[in-house]
Structures are given as C-alpha cells and as structure tokens.
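The chain below stands alone, shown as structure tokens; this is the form predicted on its own.
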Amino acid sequence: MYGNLELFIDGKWLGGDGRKGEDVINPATEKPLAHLPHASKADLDQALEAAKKGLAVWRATSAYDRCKIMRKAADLMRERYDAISKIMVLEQGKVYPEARAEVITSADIIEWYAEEGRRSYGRIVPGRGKGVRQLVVQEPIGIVAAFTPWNFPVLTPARKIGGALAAGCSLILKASEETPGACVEMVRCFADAGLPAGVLNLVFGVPAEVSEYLLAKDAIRKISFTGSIPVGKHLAALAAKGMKRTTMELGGHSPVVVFGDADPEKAADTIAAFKYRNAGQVCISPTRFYVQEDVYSRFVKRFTEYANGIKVGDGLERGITMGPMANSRRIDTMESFVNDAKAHGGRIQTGGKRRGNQGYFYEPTVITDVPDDCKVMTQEPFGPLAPVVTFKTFDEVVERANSLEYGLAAYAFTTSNATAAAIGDALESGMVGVNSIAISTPETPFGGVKESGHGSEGGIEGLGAYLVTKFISQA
C-alpha cells in the first residue's frame, strides 16, 4: 500500500538519485515503510526557479480556469481516498475512519477555495474629481513557502495549497518528513489534474535547513507555517528581515468549561470523543477540563467510562478507535506529563501508561486532583491525557482558562443562553465552540490569538492571506 517517496519540482517527480534522506517509520510496528529523499540546495534552487515560472503562468490564468483545475484535483482526491487514507494510517497512526474523513474534508477544502477564488472581488471607490476612476484590486502576493506538521498530513497542506492556488500564487511546500506519503499522493492529484509545472512544488529535508534557506530568498513573499510556538517565532523573525507576510498557526492548550446547568453526561460524551481523536495529537484538542462542582463527579464518571471503552491498536484493524502516538518522542512526553501530575498529587482515574512493547501505543488517560501549576495544566500535552478539575464561579473559571499564553481553541457547555453568550465573549481564543466542537470547516476562519499565532486559514480570511491590495487612481 505504501508507494515510492519522491520530490515534486517543476512538474517532475525526483527520486533518491544519490540524495540524502531518511526512513519513514510505521508507528504501530516501529518498522520502516520507505526511504524519503531530501532536497539538496540545488533542488531548492530549482524549486525556486520553477515557482517563478509557475507564478507567471498561474497568475495570468483566469480564476475561472484555475477553479476548473483545482476542482479536478479535488475530484481525484475523492476517487483515490481509500489508497491515500491507508497510506496515512501506516505513516501517522490515526485510525482508518479518521484518515478517510481527513482526505474527504481536504478535498472539500480545495473545492471551496477553488470556488471562492472566483469571488475575489475588488471595488470601485467614487472619485473626488470628474473623470477620476479609483479602483481597488486584489492580486496574488507571489511565491509562497509553506511548512506543515505530521499530525494532519493531508488536511494542513490542503489549507495552504488551496488558499495559495485560489489566489493565483505558486508555492513550495515542505511537508513533514515523518508523514510524507499521503501528501505525495495529494500533490499527485494536482499534477494529474493538469496544474502547470512549477505552480506547486513539494520538497523534504532537514526542517531548519530548508526553512532558513528558503526564507533568505527575496523571491519568497509569503510564509505559512503550522507547528510549535518556538519554531513559529523563529520563522517569523526570519521572515521579518525580508518583510515577508506570515500566517502562523501555532500550539494550543484548549480549555473546556462545563457549567453546572449543562448535561454532564452529554457533555462528556461529546468532548471525550473529540479529546481522543488522533490520540489527542490535534492542535485544537480539548486539553484542560474545568467542571463546575455540582456536576463534576457525574462528568468524571462518564468521561472515564468513555476512555475505558476506547479500543487501542493498529489503525487499519476493524473496530480500533484509537491508534498509536505518531513517534517515540510522544511516548516520552506522555510519561513526563503523567509523572509530574502524580508528583503534584494527581490521581490517575484510568490509563497513565504505555501499552505493549511494540508500537507507540499509550492508554487513554484521565487525571484528577491536579493543581493549575502542574505541567499538564500549563503545557500543551499533544496526546491522550485529560486533566479534569473543579471550579466554583464564572469569573474564576474565566480567569483560569485565560491564564496561559495559548489562545487557539476553547470549548464550553451550558444550557443558558445568557451564559453561552457571556463565555463566548470572555474566552481569549481564536475559536470558541459553545455546546459544539464544529470549529474547523472549509468556509470558516481557523487561527489563534496570543502566542498561538496570527492570521487565519479557511474562510475568506484564508484566501485574503495570499492576496495583496492595490489601489489604482486613473484620471
């Protein structure tokens, strides 16, 4: 099921051919799947030259014709969803139904951007003098360098590809070296759909070397990055040297507030399913649970029952509902968080340890009685850990929920319309789900505030991130 891994530069697929590289590991078996070639500096230079030529062709292509090619690529993704999904499970670990949903949603993202690109309107501003014509037009920003992580190998690249191509930009995408196969197959869909050579280029390599090399080039005018806060800050500083525009989708540590008037069992079922999606390796995963005292015991009981019912195993096996962690680093991190929680008086309601000795499997974990200053409450766990604590008042929980530097996503459950409106306003977050976890769709903006980044992907904001505004005054 797992194919050859190649670079895609100037419309051509480039294999090993003496290039350095690395093995891609199956997290369920710890065995290699394939060898991934790294792009040399010569390859990156070729990608830059190809992107320049691709930009000249693509920006001159009408939005109508760009739309047709993008929609064809989306259709090919839907036709090939099964193969792409299985590749994703093998390299990333998530269960097959989640991988399938990711591929289908990614096709929807591409199609939505294709259509929205046809509605990238300007406007006419009435002139102050007779015969003066004042036009505001939107133009593609230029060549984009995009960097994506391993946890969503197709969806995150799709957001960047969709926005850039719909705006008329060309781009060089450096996807994750740990999960390259599914992205390779998505890019193949664009190539097979007839995308002109050079418009989309896919490279891999040592992340710091590739990013620093590309960001130093004047031809790159826009950076889109999804990943950790420290790396995002570093890339933003590099981009600032060349006044390059940036979109930064960085880490989160999403609070969940369950008020006493909510149905605690219903809230637990809804948010627990979301918590353990992709083994908790999701930037908008709920990660800090504040439950009002009146319903705390009922919420913990139901949440723990849900966690105990999760079947952990290889994501390609039928009936499995949570796969392995994506790499060995995540196992070490989970053990560090759990040990710290125990040292601070935390009680493990369920889970709390690695499962088996082959594959990076970790048990769904629920922790109670932890103080707000312990590691699991202050640092993004990025795994299947759920710390649950109590609160008394609205003002208290708002202060605690907003106390960290993160501001990506937040969730709340209540049956009061007044409380729903108040908590939606009070939470310092780029996205808030009130009685809902549906905070990520193609047509809505996705992004954070504070140290969780700036800019949005998705929605009209995601398209605007790849456009620059020009004003023309003509007499």
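Fair warning: this is a prediction, and the values are worked out from it, not measured in the lab. All residue numbers are counted from 1 along the displayed sequence.
This next part talks about the form predicted in complex with a small molecule, which is not shown.
- Proximity of E177, V231 and R330 to the small molecule in the predicted complex is complete: all three residues have a non-hydrogen atom within 4.5 angstroms.
- For the options Q292, T148, S285, T368, the one in contact with the small molecule in the predicted complex, meaning a heavy atom within 4.5 Å, is T148.
- Here is the short version: of Y306, F225, F259, Y362, the single residue with a heavy atom within 4.5 Å of the small molecule in the predicted complex is F225.
- With the small molecule omitted here, the record of contacts in the predicted complex names 377-385 of 317-325, 395-403, 377-385, 75-83, defined by a heavy atom within 4.5 Å.
- A residue is said to contact a partner when one of its heavy atoms sits within 4.5 Å of a partner heavy atom; G251 meets this definition for the small molecule in the predicted complex.
- In the predicted complex, no heavy atom of L173 sits within 4.5 Å of the small molecule.
- The small molecule is not shown here, and in the predicted complex it never comes within 4.5 Å of any heavy atom of Q349.
- Proximity of S211 to the small molecule in the predicted complex: non-hydrogen atoms within 4.5 Å are present.
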